[in-house]
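Presented as structure tokens, the chain that follows is alone, the form predicted on its own.
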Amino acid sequence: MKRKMLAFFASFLNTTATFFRKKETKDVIWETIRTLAMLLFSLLCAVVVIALASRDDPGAVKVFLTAPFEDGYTVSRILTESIPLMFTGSAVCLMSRAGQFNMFVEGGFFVGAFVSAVLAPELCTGTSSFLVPVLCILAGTVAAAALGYIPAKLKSGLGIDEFVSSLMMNYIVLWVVLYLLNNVWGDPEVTNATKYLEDFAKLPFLSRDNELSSGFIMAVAVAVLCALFLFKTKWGYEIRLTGNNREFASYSGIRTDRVVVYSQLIGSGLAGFGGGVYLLGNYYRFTWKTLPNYGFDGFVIAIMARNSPILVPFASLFLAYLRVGAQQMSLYTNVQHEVIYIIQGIIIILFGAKFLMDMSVKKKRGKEMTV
């Protein structure tokens, strides 16, 4: 068994190394450098905003920048905060690469967490087994993918805009889950909560003292696997070609309707997988009464990562660092943590402007080639 595990990890590392050695990935490396430069510029803008908001408290900027690294617990909070962002960011990247603006990442994350929390107490038998959380997370993944199939099929079959249908699906899922939570699968002894999750029904901790779950490793692995899937498989090539030019992809023999469906199916499933991992790694009950907004945050991450899954961990850690810094700043200074939303808006404007400039350059080059 140990030899098989070692062989698997060796194969995984070798495949990843091969991916980065290819000439094709030089563009990805260059994009990484450009993205990091833009993130640093965004951080500078954040410092300026905080400096303007804290004229009566000049130490706010220092707290914002350094407090997230003051001890092991705050560092683990950055890593923990980045877990859902990596999952939802990877899911959005996959769907966006296919040209699909699907908002069900939010609902998928919510459903995956709920299904995992409901099944875990029922499956555990009082003994520790890694199969319990694995099966629960997989069930949440399947549930999210099944629901995500609805807007995907509506788009491919009837031409209904996936943005509208998936956005509506989020709130349908929200109210159905809340009904089930209050009337069917809730804990009768606790209001608006599922049954208590024992440690053996949860994912193991990487650091119990700092409350960091193994979900962080899983989130990074998912981002890497998504990159390999997009750039090293036939299905990934079909997704990228369909997103770049659906008409050309169709003429090339690609069944673009099928690509539209399975790209959204995989993205929704990834979101549900992330919801299950995050809940079973960091919570003891499902108590969410509203959508947690991690799916919407996934679009921010995808914008920062320029729809490249390999950049998702960097973008997620950066945004998590900003959020933990803002939380610490609100504890020690008179600047409220809501300032982070101003910073997020600046980041979206910066990266959105860069995206529009790149699109403009591509169109100009295309016109020059046709002349």
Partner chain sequence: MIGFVFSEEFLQRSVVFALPILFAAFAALISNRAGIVNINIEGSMSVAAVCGTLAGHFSGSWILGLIVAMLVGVGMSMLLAGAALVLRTDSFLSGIALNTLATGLSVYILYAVLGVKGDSSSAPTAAIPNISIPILRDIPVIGKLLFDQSLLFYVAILCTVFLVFLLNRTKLGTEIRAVGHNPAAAESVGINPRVVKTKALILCGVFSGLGGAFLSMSYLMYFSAGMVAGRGFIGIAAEAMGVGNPVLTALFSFLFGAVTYFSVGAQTVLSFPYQILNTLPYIMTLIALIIYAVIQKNKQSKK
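Whichever C-alpha set is largest while still superposing within 1.5 Å between the two forms counts as the rigid core. Numbering follows the first chain given and starts at 1. None of these values were measured; they are calculated from a predicted model.
Just so it is clear, the following notes concern the form predicted in complex with the partner chain, a form of the same protein that is not shown.
Contact annotation: of the candidates Leu317, Met38, Leu65, Ala53, the single residue with a non-hydrogen atom within 4.5 angstroms of the partner chain in the predicted bound form is Ala53.
Checked against the partner chain in the predicted bound form, the residues Phe200, Phe299, Tyr283, Tyr149 give one hit for a heavy atom within 4.5 Å, which is Phe299. The partner chain in the predicted bound form is not approached by Gln328, whose heavy atoms all lie more than 4.5 angstroms from it.
The partner chain in the predicted bound form comes within 4.5 Å of no heavy atom belonging to Thr287. Using a 4.5 angstroms threshold between heavy atoms, Phe205 stays clear of the partner chain in the predicted bound form. Interface membership of Glu338, defined by any non-hydrogen atom within 4.5 Å of the partner chain in the predicted bound form, is confirmed. Shown here without its partner, the chain carries Phe101, Ser165 and Gly352, all of which come within 4.5 Å of the partner chain in the predicted bound form through at least one heavy atom. From the list 216 to 224, 174 to 182, 132 to 140, 108 to 116, the contact stretch for the partner chain in the predicted bound form under a 4.5 Å heavy atom rule is 174 to 182. Contacts to the partner chain in the predicted bound form (heavy atom within 4.5 Å) from stretch 145 to 159: Leu154, Gly157, Leu158. In this overlay on the rigid core, Ser330 has a C-alpha that sits 2 Å or more away from its partner position between the shown form and the other one. A displacement of less than 2 angstroms separates the C-alpha positions of Leu317 between the shown form and the other one, with the rigid core held in common.
When two forms of a protein are overlaid on their rigid core, residues whose CA moves 2 Å or more are considered shifted, and Ile303 is not one of them between the shown form and the other one.
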